[in-house]
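One chain is shown next in structure tokens, namely the form predicted on its own.
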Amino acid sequence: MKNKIITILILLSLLIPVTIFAITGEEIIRKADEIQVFETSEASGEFRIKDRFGEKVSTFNSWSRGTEESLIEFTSRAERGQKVLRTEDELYLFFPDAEELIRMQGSMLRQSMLGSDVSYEDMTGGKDRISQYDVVLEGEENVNGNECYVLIMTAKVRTVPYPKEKVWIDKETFLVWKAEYFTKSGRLLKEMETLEVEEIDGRMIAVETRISDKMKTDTETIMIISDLKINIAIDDEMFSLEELSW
């Protein structure tokens, strides 16, 4: 009887690692990245920016193509005509009143976008995180009723906005429900939480998120995406510098 128990324990010990490592951290991140990328997309949306002085709303239209090209045009009265263009590794800002085109670089990238908790630097991170981070699958946790993988990501390149990230990714849909962003030394810089999702093209997409800059006091930004259209025809000139000032 004792030998049978020992044999069962040995078999269980062999099976446990298989269960734990049935999926790797890299595979989870790859799947999470894949659901966020469309051939092309078009959407409208708004930033609801709250701080100790009150709340303001900034509206925008946006377009994207693949992982590297995107354009945001603000449509709210105070910012109407301002545009942010991302093309490959470059980011440009256009102010219509001054007819000025600015290439964002260095410390400029850390500036807040319209006073929100989103920085221009947040737009520069690529969506191929496997090539940018070392990924460790730390465990599993429940986030607001959703069973999630918990992953720690440590940057292996200097071109990413944050040296370290902790993310909670849905075990079924691979949607990111929550994320924390840190300095290299481990200081918390920013938090993100998904508030509302929508199924689009068979994928669960975050359409409302809350972003909080932990370097500020009493502030948060709610970003809402509406009227999202995917895999549509977009003019090749949409993401060109020549068209940015129009």
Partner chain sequence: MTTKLAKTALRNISRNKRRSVLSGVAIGVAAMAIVMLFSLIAGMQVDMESNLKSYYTGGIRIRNENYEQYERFNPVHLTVDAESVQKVLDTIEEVDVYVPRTSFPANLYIEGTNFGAMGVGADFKKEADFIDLAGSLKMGHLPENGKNEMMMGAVLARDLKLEIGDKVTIMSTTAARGTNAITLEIVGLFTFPVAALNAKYFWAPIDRISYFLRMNGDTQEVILKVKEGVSELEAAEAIKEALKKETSINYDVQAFTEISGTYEMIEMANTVYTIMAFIFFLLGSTVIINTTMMVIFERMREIGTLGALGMHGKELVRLFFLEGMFISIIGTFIGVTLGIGFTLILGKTGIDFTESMQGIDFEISGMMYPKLSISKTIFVFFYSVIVASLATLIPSRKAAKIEPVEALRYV
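The structure presented is a predicted model; accordingly, all values stated were derived computationally and were not measured. Residue numbers count along the first chain shown, from 1.
Unshown form predicted in complex with the partner chain; subsequent notes refer to it.
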Checklist entry - Where, among 197 to 205, 63 to 71, 23 to 31, 49 to 57, do residues come within 4.5 Å of the partner chain in the predicted complex by heavy atom distance? => result 49 to 57
Checklist entry - Just one of Q105, S131, T154, N144 has a heavy atom within 4.5 angstroms of the partner chain in the predicted complex, so which one? => result Q105
Next on the checklist: Just to be sure I understand the contacts: of L137, L101, M123, L175, which is the one whose heavy atoms reach within 4.5 angstroms of the partner chain in the predicted complex?
Outcome noted: L101
Checklist entry - Is R77 a contact residue for the partner chain in the predicted complex, using a 4.5 Å heavy atom cut-off? => result yes
Checklist entry - At the 4.5 Å heavy atom threshold, is E90 in contact with the partner chain in the predicted complex? => result no
Checklist entry - So, in the predicted complex, is V150 in contact with the partner chain at a 4.5 angstroms heavy atom limit? => result no
